[in-house]
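A lone chain, given as structure tokens: the form predicted on its own.
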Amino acid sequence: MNHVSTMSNRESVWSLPLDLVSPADPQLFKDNAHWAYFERLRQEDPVHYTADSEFGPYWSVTKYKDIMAVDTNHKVFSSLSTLGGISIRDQRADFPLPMFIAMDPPLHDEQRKVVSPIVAPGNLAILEHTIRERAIAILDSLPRGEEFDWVDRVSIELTTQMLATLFDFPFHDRRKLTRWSDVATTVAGPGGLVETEEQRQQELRECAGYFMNLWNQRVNAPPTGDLISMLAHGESTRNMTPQEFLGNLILLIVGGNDTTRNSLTGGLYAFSKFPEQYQKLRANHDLLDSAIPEIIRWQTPLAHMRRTAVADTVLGGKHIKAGDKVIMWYVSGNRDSEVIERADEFIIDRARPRQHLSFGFGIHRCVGNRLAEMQLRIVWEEILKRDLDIEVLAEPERVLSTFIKGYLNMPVRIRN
């Protein structure tokens, strides 16, 4: 299906009774068929209540300004894992994974501060050389003139190498990080990545065990600049419970992996849909500065974030009660044409390319946003240096998820 919903899909969505419009169906995202749902809600019911879904009742917040109002008001809209956490699927009571993104101040601020030095400007400057070396090696190893999977060979490989560096994780085992990231965010079920919830939890316990060995090595050694050492020596993180340890690991693995990985694929996909934009970039490499945030906006690698109201409030004229589940659909806010001109189009020389919601706002704004941008910039700089003409051969296969807006594979061929 094209990036714009097909007419039949659009007509069927617009003919539904409004109270039956529910965008939180993972299959819609896998089929790239969610766009018409959000288009209708933005126009007819921007703060929309769904009474019945597989995730229970929830509010959909679909317009840019309303999403900003929720994201920047953590006193009313809580991220606490004990209230359900940050995604539409409630945290399981039998397998809680507290993590600093699913905390409120002051604990959120204290734990976030422990890991933020890894993405400080000085450390990014050190990482830049490593990322470039790896991007060069990956691009130069790609076959010319024959089909290969861009997701596996480029997007996953580059981001997994980067994660291994950030954690100082054994390099030969780096694909375990990819697997754990995927398992952490998947929905268990027949034919899926994991068949049962028990299998999912078992694999995540293996992740915790592997990292606990690394922790034990680092906690007894002088502090170094990797994330495990930072957590082991950080005042507010050194005494974490096992579940909190695993929760924060999952956050750092998913946050450091999925955002960049799916934007690397999404950027190439966007250029294939809007080839005139790639010609524009080939003619003027300076446009990369605005092209990178436009890729991140257009892709929106996390479709939503969830909050739970802790007090009665009014949003967009709707009365939201304490305890209600509130979904900020970033994927919809990033296509709000009231705020972003020609929002459905991919335009690399926008006047305000950073006007997007993909990294969130307020206290939970993505801690690694500069690292994500840097990785994307370096890969595209090296693609442009080689003047690669990369053809997308078929529609990518997408992830079955309302949370991770990503790709399983995308067949491509380098024509030159």
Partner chain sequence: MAKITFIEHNGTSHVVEAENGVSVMRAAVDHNVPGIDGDCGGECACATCHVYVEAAWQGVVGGRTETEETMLSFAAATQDNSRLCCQITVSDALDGLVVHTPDGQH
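Positions refer to the first chain, counted from 1. Note that the coordinates shown come from a computational prediction; the quantities given were computed from them, not determined experimentally.
The protein also exists as the form predicted in complex with its partner chain; that form is not presented, and the subsequent description refers to it.
> Where does its partner chain sit in the predicted bound form: which of 53-61, 37-45, 357-365, 379-387, heavy atoms within 4.5 Å?
Looking at the other structure, the answer is 357-365.
> When the contact criterion is heavy atoms within 4.5 Å, does D344 count as touching its partner chain in the predicted bound form?
No, D344 sits far enough from its partner chain in the predicted bound form that none of its heavy atoms falls within 4.5 Å.
> I'd like to know whether P121 contacts its partner chain in the predicted bound form, with contact meaning heavy atoms within 4.5 angstroms.
Taking the distances in the predicted bound form, the answer for P121 is yes, it comes within 4.5 Å of its partner chain.
> Should R144 be counted as a contact of its partner chain in the predicted bound form, where contact means heavy atoms within 4.5 Å?
Looking in the predicted bound form, residue contacts with its partner chain do not include R144, since no heavy atom lies within 4.5 Å.
> Considering non-hydrogen atoms and a 4.5 Å limit, does its partner chain approach E128 in the predicted bound form?
E128 lies outside the contact set for its partner chain.
> Within 4.5 Å, heavy atoms only, which of R238, K321, R205, K113 is in contact with its partner chain in the predicted bound form?
If I apply the 4.5 Å criterion carefully, the residue I get is K113.
> Give me the residue from H108, R89, K176, R200 that has a heavy atom within 4.5 Å of its partner chain in the predicted bound form.
Looking at the other structure, the residue within range turns out to be H108.
> N9, V13 and R398: each with a heavy atom within 4.5 Å of its partner chain in the predicted bound form?
No, none of N9, V13 and R398 comes within 4.5 Å of its partner chain in the predicted bound form.
> What residues in 47-83 sit within 4.5 Å of its partner chain in the predicted bound form, counting heavy atoms only?
Read in sequence order, the residues that approach its partner chain (within 4.5 Å, in the predicted bound form) are M68, T72, K75.
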